[in-house]
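Presented as structure tokens, the chain that follows is alone, the form predicted on its own.
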């Protein structure tokens, strides 16, 4: 038996860091949603008790460092599953891009193995398992659109944003999330995004208000360390994207675009600037 799962990328419509907690994590408040750029995960049971991962991408680890491997190991240990599993990752989401590709792969692995092994685990329990693996994994388990608080594991589902195009562009650099959070001084943040304004714009399907309310406090760190990200934002705005923001800790920048006629111009303009450019829709 084989099970297939899609693992979509996420973007942050807002990302605020409130303070650093005693456990070393940061207290955050974020609005996240998913886009139609996805990895595809294939899972097949093996007769011997082992976990094997493969991928067509030559740039990801295929051992214990891989979050999908960690997800399979976690579910096997928690539910005392003695069967093995072969997992193939068909990667489409860029790595270390601020799009939660690894977290979404882990979430898809949890969902898929729940089906493959008929474990009957609830979504709530899958989210709790996901929180062991990473802060974005609980959101990726169920997807949709949500406000995330705590370190990202406390989720409040909300309505989908107004439908639009999303142009994603990743410059040819990798950014360490730990480094960006390590350099952030939460108490010194001058301008914070307003979660209520984002929610209000989404509820009333006001695209212009949503674009105006976008905000990510990590930009001030990443844009300072990596000027190419700042330049990418400026290029995307100049090409006509209506709402432009860095996703997560970067370096991917996304632009919200209301009219399809604009998409090709923005896409082609960005292709002259970096190789990893995608024009997709919101997953609503």
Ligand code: ATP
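Keep in mind that this is a model prediction, so the values were computed, not measured. Positions refer to the first chain, counted from 1.
If you look for the form predicted together with adenosine-5'-triphosphate, you will not find it shown, but the lines that follow are about it.
Using a 4.5 angstroms limit between non-hydrogen atoms, residue 111 is distant from adenosine-5'-triphosphate in the model of the complex. By the criterion of a heavy atom within 4.5 Å, residue 98 is counted among the residues contacting adenosine-5'-triphosphate in the model of the complex. Proximity of residue 152 to adenosine-5'-triphosphate in the model of the complex falls outside the 4.5 Å heavy atom cutoff.
In the model of the complex, adenosine-5'-triphosphate stays beyond 4.5 Å of every heavy atom belonging to residue 48. Only one segment in the set 236 to 244, 220 to 228, 253 to 261, 53 to 61 has residues whose heavy atoms sit within 4.5 Å of adenosine-5'-triphosphate in the model of the complex; it is 53 to 61. Annotated contacts: 66, 89 and 103 all touch adenosine-5'-triphosphate in the model of the complex [non-hydrogen atom within 4.5 angstroms]. Note on the partner interface in the model of the complex: the residue among 171, 193, 161, 94 having a heavy atom within 4.5 angstroms of adenosine-5'-triphosphate is 94.
Here is the short version: of 83, 177, 142, 131, the single residue with a heavy atom within 4.5 Å of adenosine-5'-triphosphate in the model of the complex is 177. Contact residues in stretch 1 to 26 (any heavy atom within 4.5 Å of adenosine-5'-triphosphate, taken in the model of the complex) are limited to 10.
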